[in-house]
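This document opens with one chain alone, in structure tokens, the form predicted alone.
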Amino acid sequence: MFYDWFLDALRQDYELMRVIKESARGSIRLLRHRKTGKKFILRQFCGSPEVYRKLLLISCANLPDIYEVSTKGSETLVLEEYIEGDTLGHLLQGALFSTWETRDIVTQVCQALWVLHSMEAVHRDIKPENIILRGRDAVLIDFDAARIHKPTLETDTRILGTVGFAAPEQYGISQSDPRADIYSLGVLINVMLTGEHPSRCLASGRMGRIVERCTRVNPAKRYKNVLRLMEAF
């Protein structure tokens, strides 16, 4: 009932500016509130709303504010803050990042992940397209693939993630936990510094050693948590 009411309210109070992304799994739309002119993101996808619901109560400079979450069957609607800025994916088309810039941005992503991991949530889709630079703030977005870690399960219920960035355990080997995000962070660091996956060209020096530890196949041999990774920086 609330889902249908929410949809009606959106149609009345917001206008569609553009469709950012649309696929078989769902869509992302940019809306503008008719009275205030403020922009919002509307996500519509088939999947669990658990992580988005937990984020309703969270305020963090490195995460978007979540304003409303509604479900109907397997369908989930999320109204969230519009983050204005460029994605790392877009910026990497023009140039690589320096070691200092990489350390600063990834540290902020770690701060976002510390919030998520403290809620027993795993993002599972860390990649340049899901990080937006808003001024000096790095903001981690898109929790459609995120899930709550459940110690009683042996494997993930759904195999999701981006090839090249997803940890091996995300392909059904075992259940992903926060160390899966650390694997993806290692790939991200390497791509920001070299433009390549670490299997093709490993970053040099200390950053390369950090990447190597992040991306070990055995999760137990990676950094224990994002705080340990930040200490390594």
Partner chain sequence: MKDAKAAPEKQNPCPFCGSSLPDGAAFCPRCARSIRPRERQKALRPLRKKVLQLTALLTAAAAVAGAIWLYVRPQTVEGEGGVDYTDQDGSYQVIMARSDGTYEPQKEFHQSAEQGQEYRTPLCITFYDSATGENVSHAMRSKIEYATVAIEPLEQTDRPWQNTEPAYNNARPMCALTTFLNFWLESGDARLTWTLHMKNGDTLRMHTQLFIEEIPTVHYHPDTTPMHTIEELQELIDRISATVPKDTIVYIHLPAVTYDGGLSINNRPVNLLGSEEGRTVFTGNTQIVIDGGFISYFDNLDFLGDGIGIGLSASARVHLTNCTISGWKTGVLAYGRTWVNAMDCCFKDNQVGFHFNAADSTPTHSTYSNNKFTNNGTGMLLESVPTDISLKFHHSVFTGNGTDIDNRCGQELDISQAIFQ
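A quick note: this is a predicted structure, and the numbers were derived from the prediction, not measured. Positions refer to the first chain, counted from 1.
We do not show the form predicted in complex with the partner chain, though everything after this point is about it.
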Original post:
in the predicted bound form, which of the stretches 179-187, 57-65, 23-31, 194-202 has residues with heavy atoms within 4.5 Å of the partner chain?
Top reply: 57-65
Original post:
Is the gap between Lys72 and the partner chain in the predicted bound form 4.5 Å or less for some heavy atom pair?
Top reply: yes
Subject >> Leu91: touches the partner chain in the predicted bound form, heavy atom cutoff 4.5 angstroms >> reply: no
Subject >> Interface membership of Ile105, the partner chain in the predicted bound form, 4.5 Å heavy atom rule >> reply: no
**OP:** Report whether the minimum heavy atom distance between Leu133 and the partner chain in the predicted bound form is within 4.5 Å.
**Re:** no
Subject >> Residues from 13-50 in contact with the partner chain (non-hydrogen atom within 4.5 Å) in the predicted bound form >> reply: Asp13, Tyr14, His33, Lys35, Thr36, Lys38, Phe40
